[in-house]
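One chain follows as structure tokens, the form predicted on its own.
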Amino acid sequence: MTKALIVGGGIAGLSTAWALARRGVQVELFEQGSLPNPRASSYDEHRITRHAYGAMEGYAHLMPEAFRVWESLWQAIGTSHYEPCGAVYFLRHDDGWYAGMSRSLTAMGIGFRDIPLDDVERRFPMVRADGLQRVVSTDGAGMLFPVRILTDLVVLLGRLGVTLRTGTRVSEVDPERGRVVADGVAHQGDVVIVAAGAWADRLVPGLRGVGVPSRQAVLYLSPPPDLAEAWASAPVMLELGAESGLYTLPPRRGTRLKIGDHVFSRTGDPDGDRVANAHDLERLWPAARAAYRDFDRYSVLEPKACFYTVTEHEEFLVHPTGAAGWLISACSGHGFKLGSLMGDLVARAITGEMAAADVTELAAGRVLHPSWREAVAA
């Protein structure tokens, strides 16, 4: 292996470039926008990372290795873009989340504990306690800061000699010959990796209808003054309800309070605007009002639209596409926290450190083993 072509400069594409470059592979990366690209799914102020994955136990068991890869990146760039603050889950409905969470966190040695319901209003004065069935605090969780991570990755890749082609739209990918056509010019490599996020199905026909672009809305907010201190010291907070899943990231390290929901629209054109409209927000407003007291007192700083790639079972699609191609399709809102690991896994497959089939199984969350690295190596 001498040269890899990567299409897409989000967290998956940049991480794959880093993983390959540090293994001595020549890398050329193509991004249709700037680097980092404000329109990319990866571009954001902060994102949640955690070990608790409820019934999706295969992903829970990937998280220790994901944290290890992030730690390697912090060492490479000389600073950490991770804020450990824990996560608290507010269960208004439980469809097996607690059982799966307790099994996987116990197996990995990650701490978790119940918070008494009669103590919720004191500890979390912003939360509506009515309707809560259970509240669980978990360790091994916090926030990643994507814009800073992407920026430092781009700088790192430049130092490593990666060719970065910005403002370059790829129109054709040939996964059999390791070839791409960008702005009408053909480029040849030994392997081509498509990591184009919500645009990937335009380059990989087999992804159409399977990994679907999904327009999602988030709100950046300013809390009421009397709750500002409580929010500044809050953990990551996740609401698990029967009809919705709300996630909230507190304002830390110069970021704003952010609220989003985990109900997928499965619609939208990723070339569209990034301003959330009333239709985008019609699910988020009721969920936020049900979760937080006096939510109408919060000031909206920015209603933003972003895009995920959504699959039916919320799994990553990471697999070879032809004799000289790979696909890394982001995973239903989980893409950033696991993006650096996915890039590393694909690099291991390309350089012969792991079997491609093992990478695909791991990426799909189908390996339920706390020591998967040792199991795969054996």
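From a predicted model like this one, the values you see are computed outputs, not experimental measurements. Note that residue numbering begins at 1 and tracks the sequence as displayed.
Quick note: we don't show the form predicted in complex with a small molecule, though the next part is all about it.
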Sort through Val218, Leu105, Ile149, Val127 and report the residue having a heavy atom within 4.5 Å of the small molecule in the predicted complex.
Val218
Have a look at Trp97, Trp231, Trp199, Phe145 for me and say which one sits with a heavy atom within 4.5 Å of the small molecule in the predicted complex.
Trp199
Taking the small molecule as it sits in the predicted complex, is Lys337 near enough to touch it, meaning that at least one heavy atom pair lies within 4.5 angstroms?
yes
Is Ile350 close enough to the small molecule in the predicted complex to count, meaning some heavy atom within 4.5 Å?
no
In the predicted complex, is there a heavy atom of the small molecule that lies within 4.5 Å of any heavy atom of His51, even though the partner is absent here?
no
Looking in the predicted complex, any heavy atom of Leu203 within 4.5 Å of the small molecule?
yes
Site test, Ala40, Ala195 and Tyr247 vs the small molecule in the predicted complex, non-hydrogen atom cutoff 4.5 Å:
yes
Within 4.5 angstroms, counting heavy atoms, which one of the listed stretches 281-289, 74-82, 128-136, 299-307 is next to the small molecule in the predicted complex?
299-307
